[in-house]
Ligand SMILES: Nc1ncnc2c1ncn2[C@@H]1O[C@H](COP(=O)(O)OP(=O)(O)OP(=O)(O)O)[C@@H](O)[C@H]1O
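Read the single chain below, which is given as structure tokens and is the form predicted alone.
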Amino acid sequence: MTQGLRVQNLTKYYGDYKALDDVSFAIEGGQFVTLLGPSGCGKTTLLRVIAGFLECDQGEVYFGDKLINDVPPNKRDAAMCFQSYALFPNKNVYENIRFGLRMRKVPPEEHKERVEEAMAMVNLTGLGERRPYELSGGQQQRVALARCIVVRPQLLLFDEPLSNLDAKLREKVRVEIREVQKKLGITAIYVTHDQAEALAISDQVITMSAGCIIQNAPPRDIYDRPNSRFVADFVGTANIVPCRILERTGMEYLVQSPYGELRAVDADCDLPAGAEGYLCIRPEDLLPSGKGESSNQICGAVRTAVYMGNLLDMFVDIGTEQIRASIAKDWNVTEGEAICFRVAPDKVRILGG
């Protein structure tokens, strides 16, 4: 049975700089969890502490019920897929994949079957004799993945493995990685700064900033129910403006903002009437409507409207503020035209500072 991972109160310094600040979380066995955040937030440091490449200054790392702080990397039953692939240029695909088996002293008679099995899982069958320089970037990444899974680890670690690939290939390979992980049932931790990547492949997303965990939740909650201004702004696109709560009845709110008075239904907000916070609306939740035709309207004048193929991306002036809307591509609008949007109260988020 695949084991889970637990980290408790991890802190890591580089000199006087605190890279990890009392980080704690748990991962269930077989889950695919992404560490998401901007450069310098501590996600790669955290991954390397889990892998055993770095020592923490305080805290514990458990795999299953076993404390592994003092266990060397090659004894942690984990495999890491690096950003640079780290392939041996003088070895062919077969030998690159086989390398981990040799290091772990797996009996030689098992090598051929296990390497071929790993190659088949990542669509590399028939390419065993090729050298890395004869492969595309996507194929090189598959070799790196095969080298990890051939040793049958309990924990699979990814350090921004797709950052060297173009956008379309990234989408294809990330799906393949997720499919392999699901098939094997391996617990996986994946580091990225790409929000779309994190939302697309994860069971759970851990959003980090300045060495701390800001939110740990399923992808849908990270996007639809951000717990802070930082998460709302970092994950996807959001219209975020200051607001003041005029009235509150249970989870229903009336707020004043630069977009006017709006009603919100937000079960996660705990701010009282009179408090100040931030109002958050996703561009795709703004729906065009005639002025006065519906409640919860936001009206302004079109500044720009850009055809994006699958949608129309608009910026609308509302007084001294702007709001961004993503609407159906067949709408015809012109710059300077008056336009109104309706937004459902349950699509209006109220966030603390």
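From 1 onward, residues are counted along the sequence shown. A quick note: this is a predicted structure, and the numbers were derived from the prediction, not measured.
Unshown form predicted in complex with this ligand; subsequent notes refer to it.
Figure note: of the listed segments 58-66, 40-48, 24-32, 320-328, the one touching this ligand in the predicted bound form, with heavy atoms no more than 4.5 Å away, is 40-48. Taking non-hydrogen atoms only, residue 83 approaches this ligand to within 4.5 angstroms in the predicted bound form. Residue contact with this ligand in the predicted bound form: residue 197 places no heavy atom within 4.5 Å of it.
Mapping the unseen interface onto this chain, residue 77 falls outside it, with no heavy atom inside 4.5 Å of this ligand in the predicted bound form. Mapping the unseen interface onto this chain, residue 10 falls outside it, with no heavy atom inside 4.5 Å of this ligand in the predicted bound form.
This chain lacks the partner; the member of 282, 178, 193, 152 within 4.5 angstroms of this ligand in the predicted bound form by a non-hydrogen atom is 193.
Along 6-26, residues 14, 17, 19 each place a heavy atom within 4.5 Å of this ligand in the predicted bound form.
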